[in-house]
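In the block that follows, a single chain appears as C-alpha cells, in the form predicted on its own.
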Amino acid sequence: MKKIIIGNWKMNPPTLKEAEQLFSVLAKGASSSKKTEIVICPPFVYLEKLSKIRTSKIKLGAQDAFYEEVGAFTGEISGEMLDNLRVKYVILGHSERRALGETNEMVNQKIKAVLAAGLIPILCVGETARDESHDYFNLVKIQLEECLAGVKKTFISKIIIAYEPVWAISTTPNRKDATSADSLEMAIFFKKILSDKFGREASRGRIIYGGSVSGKDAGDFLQNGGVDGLLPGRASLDAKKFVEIIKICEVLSK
C-alpha cells in the first residue's frame, strides 16, 4: 500500500488565482512521484476549478461534508456533490471543526454519509493536552469508538485515521512539538482499538500523522512514527515545502 501525503489548505489561499497557481506548481513538483499518493484539500469554492486542472498525480479532497444527501441545509455540502466534482477524500472531525461544536455523533453521521457516497473519510482524532495520569488515552478511545459506531467491518479499510494532537498544531497557543515516539505510541493504541472492534479488516486501514509536520521532521515520522502518511497544514501552502515532504516520502518508500 502506498504512503499518502494529504495537504489541508484550510481557509487559504484568499483568491482563486492563487489557488490555481499553487495547485499547478504542486502538480508539476509532484509529477515524478511514483510511490506516494498525493491529496490536496482546498476550500470548497476552489474544488470545481481545480478539478479541471489536468494532473494524474494529485487527487482532490474536501475539508468537510454534511450527513444528509439533499434538503434545506443552508451552507452544507453533501458527499454526492463532492463526488460529482471528482473529489475522492474528505477530512472529517478536524480539531478546528470540533472547536466550533462538532461532536463525535455528528462526525459519525458524516462518516457513514461519505462512505455511502463512495468517498474516503479522513477521520481526525487527538487529544487537546497530555496529562500525567494518561487520561488522554481514554479520550482518544472514546473519539474513535463513537465516531466509528455502526460502521460495517467491510468499510473500515477505506477509512484513514489521522492522529492530530491538538497541542502540537501550529495555531495552538503555547504549542509543543510532538515526536515520532508520540506518534508511534498512539498508532499502536489505535491499531489495538480498531482490531478489537473490527478484527482483521482493521489491519488494511491506514493511520497518518497530522500535527504540524514539516520537511524537518517528515522523515522521522514516516520512519519511526508508525504511520502510513502525513497530513500537513501550513506546509501544504508552500509548494517548495510540500514537494520536499513528497520527495522524502518517495525516498523512504524505495
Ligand code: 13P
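What you are looking at is a predicted structure, and each value in this text was computed from that prediction instead of being measured. Start at 1 with the first residue shown and count on from there.
Just so it is clear, the following notes concern the form predicted together with 1,3-dihydroxyacetonephosphate (13P), a form of the same protein that is not shown.
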>> For the interface check, one of 28 to 36, 52 to 60, 207 to 215, 191 to 199 should have non-hydrogen atoms within 4.5 Å of 1,3-dihydroxyacetonephosphate (13P) in the model of the complex; which one?
In response: 207 to 215
> Do residue 246 and 1,3-dihydroxyacetonephosphate (13P) come within 4.5 Å of each other in the model of the complex, heavy atoms counted?
Replying inline: no
> Is there a non-hydrogen atom of residue 110 within 4.5 angstroms of a non-hydrogen atom of 1,3-dihydroxyacetonephosphate (13P) in the model of the complex?
Replying inline: no
> Is residue 81 close enough to 1,3-dihydroxyacetonephosphate (13P) in the model of the complex to count, meaning some heavy atom within 4.5 Å?
Replying inline: no
> Taking 4.5 angstroms as the cut-off for heavy atoms, does residue 182 touch 1,3-dihydroxyacetonephosphate (13P) in the model of the complex?
Replying inline: no
> Just one of 170, 138, 154, 133 has a heavy atom within 4.5 Å of 1,3-dihydroxyacetonephosphate (13P) in the model of the complex. Which one?
Replying inline: 170
> Out of 1 to 26, which residues reach within 4.5 Å of 1,3-dihydroxyacetonephosphate (13P) in the model of the complex, heavy atoms considered?
Replying inline: 8, 10
